[in-house]
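Have a look below at one chain only, the form predicted on its own, in structure tokens format.
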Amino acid sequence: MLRARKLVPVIVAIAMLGAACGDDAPETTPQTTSSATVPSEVPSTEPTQTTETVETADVPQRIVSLSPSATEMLFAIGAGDQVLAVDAFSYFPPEAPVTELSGFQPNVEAIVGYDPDLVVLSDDIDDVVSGLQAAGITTMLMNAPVDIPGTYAQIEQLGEATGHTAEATDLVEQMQTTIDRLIASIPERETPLTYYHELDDQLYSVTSKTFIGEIYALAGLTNVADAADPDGAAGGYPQLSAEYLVDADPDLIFLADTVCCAQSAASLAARPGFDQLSAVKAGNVIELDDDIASRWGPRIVDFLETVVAATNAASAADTGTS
């Protein structure tokens, strides 16, 4: 628990760094596609830096994934049997072969030791891509997408690279169908409900200009954190204050720090002054799974489903319906 808690500032710092550096990202070779990773994988605010897709003579059978989101995609499209090893944070699905490998402190020698024929990663930290390519290993570097279509594109890219094109296409279609159904279930309101998404107990949040913020926008919610980063200086991840939140008084509060920081509806209500928040009084504090709420893989559908369910329940209570 302590290790996870210490990672939270790193998650926010890397997310903001990625947003600030966008156009300065290192160039990749024709054997490289792009993407990006963090422990809980908070997506960047920058567009995907996509180059050419991986070109290999044979379908890779010894894949190493250093991106939790990519790991989830690989298993979801049926390429799990081809995955040899994954990083320490790729613990979903449960059958993923977790190792001590790290996407944040990548060790070329350790990765090469697995003799992979494809390495999928989400950031080129310490010029790891060049190191792997110098060792004759094909890499697939994929930046965190800025929107949901970017997730679809990455799933399809992985499908093409691993010989699972049809499965990837089917997965994208299933996701699109479910997302459309969820959006259609949301009742119309004259005044949108407001929300606060908590990344950690230091009150870091996200704005509507982030991938996470887009999920909430699909549910028709208004983000109270937007005013805290109007010019994007915080990269879409501003740190709020208790006074700011009490003044904003959001209708819904989503806690994405239940694992990293042991936060809950009860601990939130115990903070000074927070027991007077409308969301607390109405029971509209939603405890999220940190990973599902921060990764851009297939489980974004689960994230949206939770958000929509909370939105619909709050709308029903507000109108006196059931």
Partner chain sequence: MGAVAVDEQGLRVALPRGTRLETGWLVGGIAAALGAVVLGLWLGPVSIPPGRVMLELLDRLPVIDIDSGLSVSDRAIVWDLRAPRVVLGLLVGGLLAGSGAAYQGVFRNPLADPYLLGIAAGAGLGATLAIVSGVGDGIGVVDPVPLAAFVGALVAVAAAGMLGTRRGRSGTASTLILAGVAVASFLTAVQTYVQQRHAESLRQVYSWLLGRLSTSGWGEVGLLAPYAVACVVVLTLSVGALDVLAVGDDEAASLGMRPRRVRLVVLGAASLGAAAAVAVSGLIGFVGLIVPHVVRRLTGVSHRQVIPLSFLFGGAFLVLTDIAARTVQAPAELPIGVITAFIGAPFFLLILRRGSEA
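All of these numbers come straight from a predicted model, not from anything done at the bench. Positions refer to the first chain, counted from 1.
Keep in mind that the form predicted together with its partner chain is not shown, yet the notes after this line are about it.
- Using a 4.5 Å heavy atom cutoff, Q105, Y204 and D247 all lie near its partner chain in the predicted complex.
- The partner is not drawn, yet in the predicted complex one stretch among 237-245, 186-194, 123-131, 163-171 has residues with heavy atoms inside 4.5 Å of its partner chain: 237-245.
- Taking a 4.5 Å heavy atom cutoff to its partner chain in the predicted complex, the contact residue among F75, F211, Y216, F89 is F89.
- Residue C261 is the only one of L288, C261, I253, L268 with a heavy atom lying within 4.5 Å of its partner chain in the predicted complex.
- At the 4.5 Å threshold, heavy atoms of A227 reach its partner chain in the predicted complex.
- None of the heavy atoms of D180 is located within 4.5 Å of its partner chain in the predicted complex.
- Its partner chain is not shown here, but in the predicted complex it comes within 4.5 Å of a heavy atom of L199.
- Its partner chain is not drawn, but in the predicted complex it has a heavy atom within 4.5 Å of P272.
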